[in-house]
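One protein chain, two forms: both are listed below as structure tokens, the first as structure 1 and the second as structure 2.
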Structure 1
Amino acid sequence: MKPLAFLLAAAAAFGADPPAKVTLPTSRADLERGKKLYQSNCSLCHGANGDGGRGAVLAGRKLARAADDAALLKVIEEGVRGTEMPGAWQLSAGEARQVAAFVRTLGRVSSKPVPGDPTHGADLYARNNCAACHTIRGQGGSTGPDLSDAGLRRNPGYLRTSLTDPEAEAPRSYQWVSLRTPAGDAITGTRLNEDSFSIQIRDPSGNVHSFWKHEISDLKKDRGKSTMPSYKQLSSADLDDLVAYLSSLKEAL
């Protein structure tokens, strides 16, 4: 780096304000209020005790996307881009802090061990060709949701239901779309992105298509539809093993 550039960079670094430290409330009244707010706004997805479900598991001493209190508060206030976690716009700044304080108490709840053999579960995952649709650590298909952090985002009960009855627990962000192109061709696939003017979908072969909405016709969205087959035919023990494997996947994305 040239001397002048180095000095400018150093000056910018020294002149930048340090990240503001967040102090969460600790009084019993604040924690009780945080619990009530959590139950009414968060428990549907994260579970009453933070054991997860449609949302991430919060009953842990370390949260993948909230290493400190400032990060946790930011997640609550702003949500997590690219996931089903929305920002809590309906909460005041003080209420968000109360919720964050209560979430921290969930890390003291002892979690139950997941029954099953994850090693055999990994073998079942491979033998059933789940990687044709799902990605784990960058390996696999892209038709279905990425499973690299399935153990962080879903609890064992949710994962088991997803295996036996996929459409009962289809992620809200996962949507099957069918449309007719300007040339008259029919295309179906999973929605990647959408705004008021455009939509992008990925077809079953992995090809990405992007369209202006005013150019297409017969746009149909099948909420809750899943192309994933049911694995009800697996024995209870095999399902335990497969769930144990998926629960062990905790790589933060």
Structure 2
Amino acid sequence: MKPLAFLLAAAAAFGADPPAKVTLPTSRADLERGKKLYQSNCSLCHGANGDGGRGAVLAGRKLARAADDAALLKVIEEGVRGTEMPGAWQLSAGEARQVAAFVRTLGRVSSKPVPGDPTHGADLYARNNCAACHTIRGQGGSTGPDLSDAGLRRNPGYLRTSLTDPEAEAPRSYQWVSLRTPAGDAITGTRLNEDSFSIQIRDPSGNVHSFWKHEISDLKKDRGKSTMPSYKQLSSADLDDLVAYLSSLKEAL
């Protein structure tokens, strides 16, 4: 047996198939097409230049969930379970590669610095008792989303609106739903994802549940209701400081 064939046979014997290598297209035409597809399928959440919003900031940083091109393609095609990141089932395999190639070019745009004093922001976070509802690095409540990586998932503009006008962001993201499980239990939580066949919700203790719609009953939704209080009354400088603090939270996944 030749050495290479032997190695391949050995790898197969251990079930250690080398991960399929993904090559992203690089031609100008592919990138142009990727950009168009990005604009119509992704920019709503990730911003026209990848500076984030409802979705993660994609520009100017290493992508935690997409360290290599194979992982990036998988995130795009399948989404991130339990989050608002949907799988792009509408794209063909070739289109997904074009979008991925375009996303890689976003990596070279640097994101703008955030004004404000993060240290004072941390102080405001403590004084306003945000931790009653939010967790940072394992500390705090779970009525609201974990903010440990808020700076990676959300851009400063989105964070500021979440503080001053929570209802504006609430209807699409944190919709409260109640339903009866297949076992007959009533549960309430916030909706993470929903399609024609399934729904994923997070209950107040932070557990994520996934159901097939045909198995549940009494599905009720409360559009626009938010338990996140508005902090409009804070001064503009204090809001800047809070946003600077939240933007600095970039705990690796």
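Rigid core (definition): largest C-alpha set, two forms, superposition within 1.5 Å. Every residue number counts along structure 1's sequence, beginning with 1. No experiment lies behind these values; they were computed from the predicted model shown.
**Q** Between the first and the second structure, which is the form predicted in complex with ligand HEC?
**A** Between the two, the form predicted in complex with ligand HEC is shown as structure 2, not structure 1.
**Q** Core superposed first: is there a CA shift of 2 Å or greater at R191 between structure 1 and structure 2?
**A** Result for R191: yes, a 2 Å-plus shift.
**Q** Using a superposition on the rigid core, decide whether the Cα position of S210 changes by 2 angstroms or more between structure 1 and structure 2.
**A** The answer is yes, as the C-alpha of S210 shifts between structure 1 and structure 2 by 2 Å or more after core alignment.
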